[in-house]
Structure formats: structure tokens, C-alpha cells
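Here we start with a single chain on its own, the form predicted on its own, put down as C-alpha cells.
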């Protein structure tokens, strides 16, 4: 790979080094020279529409947008003088006059937005132009966020984010001139959209209060909130979170831009479902549905656990910390059987845990992507966004082998919902993969079925025959968070809990659900499980949220949730990622590890 040519430009009399292809703004920021921006956002294609980043280039009578102007070796740049400041102030005044930017009734928390910050920085206390006072629609049909067109400055950051980061292009601009407006799909609403993934990236990118989170609206300024970095535990990807808290409550969750896993992007699970959904929390121990003290609950458990080892069992959800996994492995010898419960066909995927280092970056760079037996749009939204961007923006081939149809099918060169051995299908597959230099196979639990194994064997044979290509990058994609690390700790996985419970007569069962969002209710959906649980003398459920399962329990132990935990989790790349508490523990809830050790250590 040829290294970029080095160039040198002078900005405000300061000599600045850069690389050929960089813009004036990029080199200025790399040398700690401030240029104001609104429509610019790092990681997006520059647009140059707001004209706030204008600069003067020696020898050019016109001002140019620094975000969209490539730097030329030897040029001299001026970023601030009376002319530039006057032009920027005029631009800001026009923006303020065109729409309704009234802070006291804005959901974006009283002046804490990019537009108001620039107005303050430029000393604007009033404007010279008449206000237009538009009466544009407000769309609040989306589940988690809405858009107030009266506050939109048409910077298109939301459009570019939706297109270039999430990869769906739900948003665009309609009409012309003063009638310009952001539209959803073909001029529908967020609630009626069939392309919006509810990831909320558009909201994060908005420099005004036009796009806003419903759960975060009117909760106070970001500048007065505490920001803590932690890790999402909703799936094995392990995205970095930047959690905003105020007065010991979460007021918003954004992605951590410095995370090597997700670089700031999140899916709907990490962005909203962990905090913006109301749930019935368990904050005190319960004995037969009645509140009890921890001493009473622990005494009841220890008394009930005085049965033969073969009559005791421990069943665990995989979404616990590495430290809790070690504690489970440590107490497993006190039970006749111990296991973690996972989804269909996931046990085989976890049986021999393997991690793919730097998987998401390599996936983004792949020129052919095969999704086998996985549903990333449903289970791993950030992985799905990387796939869409690779296909839509870089022309990567996409082949999908899965019985269930998904949103990714529309982008696929081959979408085989029914897999056959006919040569017609496999000739098409060979043609799509011909010449692939950086292929990647993303395989999920259903790749472990007989059909999935057959498909994998045929794919590998195709790659072996393609002597001009490379071996495919293999990325295992389980559904359950931290399942691979749990398996590595020696805890076996079970898919069908019914046969596992029925293998030996049980008198005592401890189920660690942790902060699973359904409170463990999914276990009751399996045939025979409810009846088998009724036969057990003492059922202990360790959970954060009330559910039909906790209603059945003899003793319920309140567990901490993701934003109260300390410890680590291991993602699909093998990275050990930190969990940091962002709020104090609710009520009398305790950490999963501490609970297990207090009962069985």
C-alpha cells in the first residue's frame, strides 16, 4: 500500500503538516486550530451546505467551505478575520430567522445544542431579519424519537448518518427552496416507515432540537449531566456506551465514539431498550410473593438446599459478567447439574468458543459477505449496519442463507431462504463470489444444523477452488450475550430446558436470570417446562424484573441491572470490556456474583 503524500499548508501563519486528500478543516483540527461548523460531522461525507466553516485561501477572491475543500500543498489559509466573522454571523441570523428556535419550549434542553452554541460564540443576541414563524408538522409517531420540522436547519447530518452509518437511507430532503423538508421514506412518518431501524443515530447527529428522544426530552442540559462510559450487554457485540445521568437517573444513552467495537454507533437495543422502556423492577427479596429481608431469604434458601446433591440444579442466563461466570464455575460442584440456557441451535455454536479479533472492522472492509444461519438485523443491529454499508456504499457482494426472511434480503445478490443442492443456485453463488479477495462468513446458531453445515462445506469448497482469492474470515455470531465467555469458563449450554430438568428428579432449582429484559419469562414458553417447575419443592429465581417466572418462584432475589454493575464481559472479538456503574443500585438489589457467593460459598 502506497503511503499518502505529505503536504504542508499555512493556517493563520502557522505551518501545518497533512496528507494529500485531506480537507482544510481536517488539517486545521489535527493542528488544534478551531473553525466553527454545523453541517460537518466527523465520519460523514462533507457537504459544505451551512457555510459556517468558510475560510479564505490566498489568491482566491471567494471564500470556500473548509470541510469540503481539499488542502493544496503550499497554500495559505485564513480562518478568522472581520469579513469571515461577518459572513458567519449573517448565516447564523438567517438560520435563526427561518425556523422556530425558541429554547424554553425545546425538547433539546434549553439552549444546549450546536446552533445555540454557535450563536452564543458569535455574540448573536438578536437578528436583523424578520422571523418567518413557520407552522410545520411534528412527527411523534416513532416509538422512541420524533422530529419537529420547525427546528430543522437542513444541515442533512441526519440524512448522511442514516445513509452512511446505519446504511438504510430512511431520510432524505423533499421540495425546493423555502419548502425544503426532511422526509421519512417516501414522505411518510417514523411510525409507518418500513426501513427505519429505530437506531436513533439521526437524533445523535442533529445539531438542533429537530430530532429528539422522547424519553430524554426536557430532562435538562447535557452540560449539567454526568457522562460515564460502560458496555452494552444486550448482545455479543459489546458496544461502548456513553451514558448521560442526572440526579441518579439516566437521561440518555449514546454510543462511545472512541470504542474500537462500535465507534459510537448503536442499535435500538443498546440505544433505547435498556432504559427507555418501562419495566417492573424487583428491588427487595420475596418469599412466596411477599417482601422479606435478605437474611430471611438466604435462610429460606439454605434450608431448602439441604437435599442430596443430585436433587439440586443451577440454571443460568449467559448475560452475566465474567466475574459471575467464574463464581458459577466455582460453586457448580455443589449441584447435581449446572448449565446456561441459550437459544435454539446455539449450544453447538458455544461448545467450542472461538473469537475473531477485530471482526467488525474486517467485516466492514470485506468485499463479499455471507450471512449463514444468523439474523443480525434482529439480534445484532450494529453488525447489520456494517453489512449494509459495505454492500450499499462499497459494492460488496452479499449472500444470505437463512430460512427466515429479513430486511437484509433486499440488499442481497443471493438470498436463499430455501437451500437446495441444485446447480442453478450454486452456480449463482460461485458467480457472486468470483474474484472475492476479502470474503467474510458471518455464521449464527442455525449454521450448526445439518443444512447449515452442508452450506458451509459447499462454501468452503468454492473458496478453495477460487485460487485467486483468500480464505474467508469466519465470524461466529451467537444470540446470547457473553455466552462464549461462559462456555469458556466450563459452563455447558442447553437449548431445551425441559429434558434437562426431567433428566433427574429435582427438589431444588436456582435460576439466575440476571437483568434479562423478559425476567426469564421466555423459559416458560418451552413445552413441559411450566409443569416441570411445578414439581420442584423450592424454586429460587435471581432476577431484576418481575415476570411470570418470578411469580412462580418460592424465593426471588433482586439482582442489579446493566447500569449498576461492575465487572467485565467478553465480546465476539475476544475483547474484555468494562462495565461501570452509572447509577446507584436500586433498593436492596445485589450483584449476581455476590448473591451466589452469599448462598453457596
Partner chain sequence: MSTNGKVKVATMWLSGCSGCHMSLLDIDERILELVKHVDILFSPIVDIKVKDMPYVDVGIVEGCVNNTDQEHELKMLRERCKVLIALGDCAVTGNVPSLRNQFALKDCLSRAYEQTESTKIACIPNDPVVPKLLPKAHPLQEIVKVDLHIPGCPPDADCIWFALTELLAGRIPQLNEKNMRYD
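Fair warning: this is a prediction, and the values are worked out from it, not measured in the lab. Positions refer to the first chain, counted from 1.
The following text describes the form predicted together with its partner chain, which does not appear among the structures shown.
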Position in contact with its partner chain when the complex is considered in the predicted bound form, options 278, 177, 450, 104, heavy atoms within 4.5 Å: 104
In the predicted bound form, the one of 339, 300, 136, 229 near its partner chain [non-hydrogen atom within 4.5 angstroms]: 136
Triplet 96, 121 and 127 all within 4.5 Å of its partner chain in the predicted bound form via a heavy atom: yes
Interface stretch in the predicted bound form with its partner chain - options 502 to 510, 113 to 121, 517 to 525, 384 to 392, non-hydrogen atom within 4.5 Å: 113 to 121
Interface membership of residue 150, its partner chain in the predicted bound form, 4.5 Å heavy atom rule: yes
Partner contact for residue 100 in the predicted bound form: its partner chain, 4.5 angstroms, heavy atom: yes
Exercise: residue 131 in contact with its partner chain in the predicted bound form, heavy atom 4.5 Å: yes
Stretch 523 to 547: residues contacting its partner chain in the predicted bound form, 4.5 Å heavy atom cut-off: none
